[in-house]
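Take a look at this one chain, the form predicted alone, written out in C-alpha cells.
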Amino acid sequence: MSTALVIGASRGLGLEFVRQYLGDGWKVYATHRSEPDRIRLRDLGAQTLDLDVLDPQRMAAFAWQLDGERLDAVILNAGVYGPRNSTLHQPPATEDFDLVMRTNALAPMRLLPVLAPLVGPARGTLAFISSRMGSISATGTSHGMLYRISKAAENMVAKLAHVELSSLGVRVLALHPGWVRTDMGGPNAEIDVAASIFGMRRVIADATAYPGGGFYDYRGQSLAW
C-alpha cells in the first residue's frame, strides 16, 4: 500500500488530496490544527497528525509521530494569501509579512529535514503546492505582491530541495493548482477543487513525464520560474 502525507489537510486543496488518495486505497497521514478538523479527517479514514507549521513545539511532536515511516508522496500544502491589496505602492504591514513569509517559505524550509529521510527510502515525491503567481518571468502586475514574493521564495526552496535531495532518490516538484474555487481562490475561480487535485495527482504519479526539479501546473504544462 502506498502512503501519502498531506501537510495542511483541513480544507480546500489539502482536504481533497486526502479524499482522492484515500479513494484510491492509499494510507494517508493528514495534518490538522483543531479538534473539529481532526474529527473530519479521521472520519474520512485518514491517520491524523497535529501540526501548526508556525509552532516549533508542535513541529517537533509531529516529527516524532512519523519516525520510521516510509512516504511515497508528501504534499506541502499549508499556505496563506495575506493582504490582497498589497502592491508596490501599498506594501504589507510587518505582521502580515511575517505571517505570510513564515507560513509559505520558512515552514517548508523547517519541514524538509524532517521529511527527506521519510521520502528517500521510498524514492518518493515531495510536492510543493506553489502558484503561478510565484513565477518571476511571468509576472505582469504587482497586485498581491506579498503572496507573489512568498511563492517565489517557496519555489526557490523547492529548487534547492531538488538540488540537495535528487541524489537520494527524492523527486521534488513545484505545482500550480490553477485558479481554484476554494476559500482562497473565491467563488468565481476557473476550476473546481476535484479537477485541480486530480490533475496534480496525475503529475505526481508520472515521474517519467514530469521529472524532479520542474514547475508544472495541474494540467501537466511546464511553467517558467
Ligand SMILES: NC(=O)c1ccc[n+]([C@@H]2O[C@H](COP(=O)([O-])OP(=O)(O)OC[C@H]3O[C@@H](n4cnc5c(N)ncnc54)[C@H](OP(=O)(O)O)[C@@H]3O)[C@@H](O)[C@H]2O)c1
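Not measured: the values here are computed from a predicted model. For every residue, the number given is its place in the sequence shown, counted from 1.
A second form of this protein, the form predicted together with this ligand, is not displayed here; the remarks below concern that form.
> Can you pick the one in Ala152, Met145, Val80, Leu106 that has a heavy atom within 4.5 Å of this ligand in the model of the complex?
In short, Val80.
> Go through Val157, Val28, Leu51, Val170 and name the one with a heavy atom inside 4.5 Å of this ligand in the model of the complex.
If I apply the 4.5 Å criterion carefully, the residue I get is Leu51.
> Based on heavy atom distances of 4.5 Å or less, which listed stretch (89-97, 136-144, 71-79, 112-120) is in contact with this ligand in the model of the complex?
After filtering at 4.5 Å, what remains is 71-79.
> Since only the chain is shown here, I'm wondering whether Val18 would be in contact with this ligand in the model of the complex (any heavy atom pair within 4.5 Å).
Contact check for Val18: no, nothing within 4.5 Å of this ligand in the model of the complex.
> Even though the partner isn't displayed, in the model of the complex is Gly178 close enough to this ligand, meaning a heavy atom within 4.5 Å?
Heavy-atom contact with this ligand at 4.5 Å: present for Gly178.
> Just to confirm, Arg202 within 4.5 Å of this ligand in the model of the complex by heavy atoms?
No, Arg202 is distant from the partner.
> Taking this ligand as it sits in the model of the complex, is His162 near enough to touch it, meaning that at least one heavy atom pair lies within 4.5 angstroms?
Although this ligand is absent here, His162 would stay clear of it in the model of the complex, with no heavy atoms inside 4.5 Å.
> Within 17-47, which residues have a heavy atom closer than or equal to 4.5 Å from this ligand in the model of the complex?
Arg33, Asp37 sit within 4.5 Å of the partner.
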